[in-house]
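Before any questions on how it binds or moves, here is one chain, the form predicted alone, in structure tokens.
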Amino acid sequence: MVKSSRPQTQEQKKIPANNSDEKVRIFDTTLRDGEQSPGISITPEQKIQIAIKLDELGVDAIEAGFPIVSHGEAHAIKTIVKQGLRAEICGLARTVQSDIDAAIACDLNYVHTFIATSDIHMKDKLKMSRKQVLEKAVWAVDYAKKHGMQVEFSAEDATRSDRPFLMQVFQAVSAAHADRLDIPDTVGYATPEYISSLVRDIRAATGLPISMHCHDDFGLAVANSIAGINAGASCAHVTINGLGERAGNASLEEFVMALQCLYRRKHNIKTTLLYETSKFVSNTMGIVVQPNKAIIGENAFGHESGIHTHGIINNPLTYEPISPELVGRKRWLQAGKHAGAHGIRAMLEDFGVKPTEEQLRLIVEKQKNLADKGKAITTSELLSIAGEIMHNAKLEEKFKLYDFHIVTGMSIIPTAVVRLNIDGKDFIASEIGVGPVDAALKAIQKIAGEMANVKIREYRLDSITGGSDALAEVSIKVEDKTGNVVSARKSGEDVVVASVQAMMDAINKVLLREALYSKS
């Protein structure tokens, strides 16, 4: 619809290049810190699948988990090690022998060991003195090194630790031959200025490679991670979708794209796989990505406002700092009360529909009137409006939903009866399913038959609001017989109704596209 490949923005060109040609190391902790997000629990098999996806993405290191946690966790980590992935595989361990032995038993040769160094943690959590913490840190590094492991040492809550004591600990573990130091901003309390100062001091005092591990409690995780890199750190601990405890960790996709586009630093991430990886992790872990999240949110490259769509159509740089294709995305325009003539024309032209100026004015006016009543305008509905105004029967919705009934219960097989109208003829079908939604969608597909030979590629249900009367959003992707994928979204308080409406919209899109592009 709109070409999106383009040169760097003028703003990007003005940013001075970083003198370092060294690639920034991406240490992914989705499977460890990300899995510690409240409400997340994944199986060992799912951990392995995510690890493979992360390796395909190009991360340099994968923190596969916390071996001491459970037998299932240890089994998953050991299996990931056996996959022969390109990325280094790391396990987390406290500064105690049982934790490090558990990592060794998983066949890991890389351990991330940690102990808290802030007074509040030492006093209220560890019940240990500074001397005891220092001794434990040195012992753990020494023990792991004697067992042939690469060791990354973290001073938990480093950014709230007494600076002289923190330096003492880092110098001591450096003398014990730690390979890498990690600065955790454990509660996201640091500022970019403080991070920069801390990194410079630690680097000068130890000379070891430094990693950043930043949490997002104040929304500064990515900014703090970049500040650390600019001050001399060489690695950042990140997670897909910013998953992690409380407000999460630095988001991999945001960190990498800011690093690349704003600071022109190199890395090994295949950015075109970012969206695909994000969706996979979201679906596997069951944590919905907010629509307006940078880079990978559903709305990140969506436009409705007439001013914005006009600019985007003329030059994508007007309202897009990067090309959506760069991160595996596609731009989409939305009809609605904010949409203008340029955006609506572009949406119609994507289907080969070219209204006159007067027809376009009437189409825009009618869809705005519907939007003012609180109705979300789908693509098939927009095309139907265009068909009515342009007197083009090809643009009319082929499938119309008249009614459906669902029977379900504890001891009843979910059964759906659906009544549809196709080209003026009524059709009724019934189907059973594993649940009411499955039964309803199967009944629709049964009626559609060869006329709309589609299969469901993806079904996703997201809760937009809380409570038993939560507003839910259903997203469906269907594939037609030629391999084209069409998506549709519907929201409502009734999950079954929203699912049926989304399925109907997706099928209508398939049929409209076929009708418009058919040789006849």
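The first residue of the shown sequence is 1; numbering continues from there. Everything quoted here is computed from the prediction, not taken from an experiment.
What comes next is about the form predicted together with 3-methyl-2-oxobutanoic acid, which does not appear here.
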item	value
3-methyl-2-oxobutanoic acid in the model of the complex: contacted by all of R32, L92 and D182, heavy atom 4.5 Å	yes
4.5 Å heavy atom contact, T186 to 3-methyl-2-oxobutanoic acid in the model of the complex	yes
Heavy atom of S154 within 4.5 Å of 3-methyl-2-oxobutanoic acid in the model of the complex	yes
Proximity of Y110 to 3-methyl-2-oxobutanoic acid in the model of the complex, heavy atoms at 4.5 Å	no
F404, heavy atom within 4.5 angstroms of 3-methyl-2-oxobutanoic acid in the model of the complex	no
Stretch from 254-262, 112-120, 138-146, 426-434 whose residues place a heavy atom within 4.5 Å of 3-methyl-2-oxobutanoic acid in the model of the complex	112-120
Residues within stretch 189-213 having a non-hydrogen atom within 4.5 Å of 3-methyl-2-oxobutanoic acid in the model of the complex	H213
